[in-house]
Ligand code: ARG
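Quick heads-up: it's one chain on its own, the form predicted on its own, in structure tokens.
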């Protein structure tokens, strides 16, 4: 609908110029005020004229009436007045023709733009803690982050994905102690990260009875910081095992990162940050710790160095941001982490501003809500987690069983089951606003009926099969009925839906659009026979709408990291 809104704005702008020469209303203001009436009987587009009354010194109904007189706009069939509203009815045939040309015949994907041409976006997401399990608590940062990467790429940006692994900290001291006391090379090599997790959980269990173990862990990490050869070798081994395991899950999600640069990568870059803070008189001592006082900005102090001189998360994040700016010269750097870290990001963003880095404004924190499991908080140290690999395996198994019943002869059923099972989990998560806390209930996530990922994938597969059976066709014109026009209108909304999702860093806007498009297509399919249409012209018209749906649905699913197999 973006293309039509622009045409309407041009026509209204000319009309306003005739009504009140010299008025300062712009076409962009007109576009921003165009709305969709709640009832189709009122029109397809509406322009409330109330906001123009003061500028034009006229009552809104008068403005609407004057605009309606001799209103001419390509793509608009009629203009009517209802109080202070100018209600417009779309030329149905032209809309369907435009949709077909823009989705099927066009050289570029429908809704794609070049707004990011020549610009670079760095996206920091997923970032699990090494030697800990990849569980459903990581699903948010991983799929939201990758969806945003796909969305910014779709808008023309050069995107760089960074996995900022949690590969530094006292937890490695704990794991080192646990491995030395209770682990073995053979067990770790055989069980991989599962054994590392078991050792980590055992450490916390034992430390409750023997707190001295925590002192051993701190000492082990200090030794790692000072380059102890044996502990460093263990640390690198733990990292290699973890990344190899994570990549299996990333492969299921079709995710590849440009860089795996964890916290440890910036250890030699932090001293320069600390020195600069000192030179600019931003560091003050507080009970032996070095802080940046942010009281004037309504925030607690930002801790830069502990009393023992070791660094903290803000120090590493500041060093990482400066490195990324110097290396990639980004136009935007996006961090996808839980809402619980909002204060942390606000603090170190402010520190960068105080350091005189004017690009601090290009740093964006994209928060999301918490995930609980059947009402219970997730915690690695207690073992209360559901691993993503196990969740995906269960979803894939269920998908395989359903397909074995419905389509036992399906070729490539193993791959399709993975696409449907993993897609079900991802779609379930991205169906809700990212700030909403999610109580992850497996039965709901793996429900293959209703407004789910499999429903969207089945709808896409249906369009593929119809087009395959139809073969070559060529529409000679459009005369859409109500169901066909409703489908065309929903298709036309994809570009502005995408724009809203990008502007709000909100993939769920696309997910909800997918469900609306599927509902409209399936209603159309039920009420409007495609392959058995009464005439060849009508058949071609409906095939055109089917292929347009096919193209848009595939693109939308791709943007939210959900595969779209052609047969299910």
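Numbering follows the first chain given and starts at 1. Model, not experiment: these values are computed from the prediction.
Quick note: we don't show the form predicted in complex with ligand ARG, though the next part is all about it.
Using a 4.5 Å heavy atom cutoff, none of 146, 246 and 252 lies near ligand ARG in the predicted complex. Only one of 221, 335, 235, 427 lies close to ligand ARG in the predicted complex, with a heavy atom inside 4.5 Å, and it is 335. Here is the short version: of 129, 170, 432, 153, the single residue with a heavy atom within 4.5 Å of ligand ARG in the predicted complex is 129.
Only one listed stretch (454-462, 406-414, 158-166, 480-488) carries heavy atoms within 4.5 Å of ligand ARG in the predicted complex, and that stretch is 158-166. Using a 4.5 Å cutoff between non-hydrogen atoms, residue 138 counts as a contact of ligand ARG in the predicted complex. When ligand ARG is considered in the predicted complex, residue 313 lines it closely, a heavy atom lying within 4.5 Å. When contacts are judged by a 4.5 Å heavy atom cut-off, residue 341 counts as touching ligand ARG in the predicted complex. For residue 259, no non-hydrogen atom is located within 4.5 Å of ligand ARG in the predicted complex, even though that partner is not displayed.
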